[in-house]
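What follows is one chain in structure tokens, specifically the form predicted on its own.
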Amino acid sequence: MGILEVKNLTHTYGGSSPFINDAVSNVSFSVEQGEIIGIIGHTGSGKSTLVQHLNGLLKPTDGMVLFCDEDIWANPKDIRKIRSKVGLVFQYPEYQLFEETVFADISFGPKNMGLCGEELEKTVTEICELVGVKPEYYEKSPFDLSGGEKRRVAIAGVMAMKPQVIIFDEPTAGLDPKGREDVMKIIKDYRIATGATVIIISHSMEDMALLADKILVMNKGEIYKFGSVYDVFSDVEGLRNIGLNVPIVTKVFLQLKELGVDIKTEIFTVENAIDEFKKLKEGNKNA
């Protein structure tokens, strides 16, 4: 059963003005419990507009979003409950930190859900352990932390509400390679620990190949393709035609193939590449 289902979703900006524009047009797809879904597309393809509908930050012009088979807008008064079940981590979430201490900032969401006392402390402590926020930071001002540490705290604040679905809009934007690796590990660990469904917008094809179960490709407000990592990244020419690319390691294997090397080209991660090179080496030994 799909935990989230989008049916014929359209979102129009501009109303009746001359600047009317369908940012998302007639989009339909379903997300299963526990999946990691990557969303890719060039700038302006409708990615961010789409995900802001999934927890009710935007209301569809037409169509609907179902959470556990119920229209999230069936009762508008309950939309805040949806936002605690479908969490959204914005790009550069550290800009939204505001409390005096790290612990207070991470506690803000759970408090609004009614948690208090030992239950609140246990929830926040557990999520801090999971994302790597050290106890010695609890009473610090979040504004005294490094950029990467601030992002951990901001992500922890959403995770502490224990959403069944958590959405990330470019979670590694602006981070150095170590910071990118740390954030992707946090996301992976959270999914393993909680079984939550994860949706990630990213421009990094490498991150998507490594982490996602399925990839949704947006183009001009519509779905170009939605399928497995293999199905999506095998469509090299199609992706290039809409301004996207495949992981760098895939490009390398395509070039090797063009040079006459008898090698697979459906390689999307470094781990896949290492395995394929080992097979190639063994084959040459046995030749």
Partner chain sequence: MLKDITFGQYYDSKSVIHKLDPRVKIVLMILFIVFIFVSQNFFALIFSALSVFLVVLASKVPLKMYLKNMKAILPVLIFTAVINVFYGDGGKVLLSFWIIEINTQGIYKAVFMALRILLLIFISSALTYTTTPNDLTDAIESLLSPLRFVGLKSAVHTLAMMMTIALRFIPTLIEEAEKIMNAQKARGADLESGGLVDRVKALIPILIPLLISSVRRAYELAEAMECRCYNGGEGKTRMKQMKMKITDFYLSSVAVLMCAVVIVLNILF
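These numbers were taken from a predicted model, which means no experiment stands behind them. Residue numbers count along the first chain shown, from 1.
A second form of this protein, the form predicted in complex with the partner chain, is not displayed here; the remarks below concern that form.
When you look in the predicted bound form, the only residue of 186, 161, 115, 198 with a non-hydrogen atom within 4.5 Å of the partner chain is 161. In terms of contact with the partner chain in the predicted bound form, the residue from 128, 97, 145, 212 that brings a heavy atom within 4.5 Å is 97. Only one segment in the set 176-184, 204-212, 153-161, 189-197 has residues whose heavy atoms sit within 4.5 Å of the partner chain in the predicted bound form; it is 153-161.
In the predicted bound form, at least one heavy atom of residue 52 sits within 4.5 Å of a heavy atom of the partner chain.
Looking at residue 105, you'd find a heavy atom of it within 4.5 angstroms of the partner chain in the predicted bound form. In the predicted bound form, the partner chain lies farther than 4.5 Å from every heavy atom of residue 252.
Proximity of residue 80 to the partner chain in the predicted bound form: non-hydrogen atoms within 4.5 Å are present.
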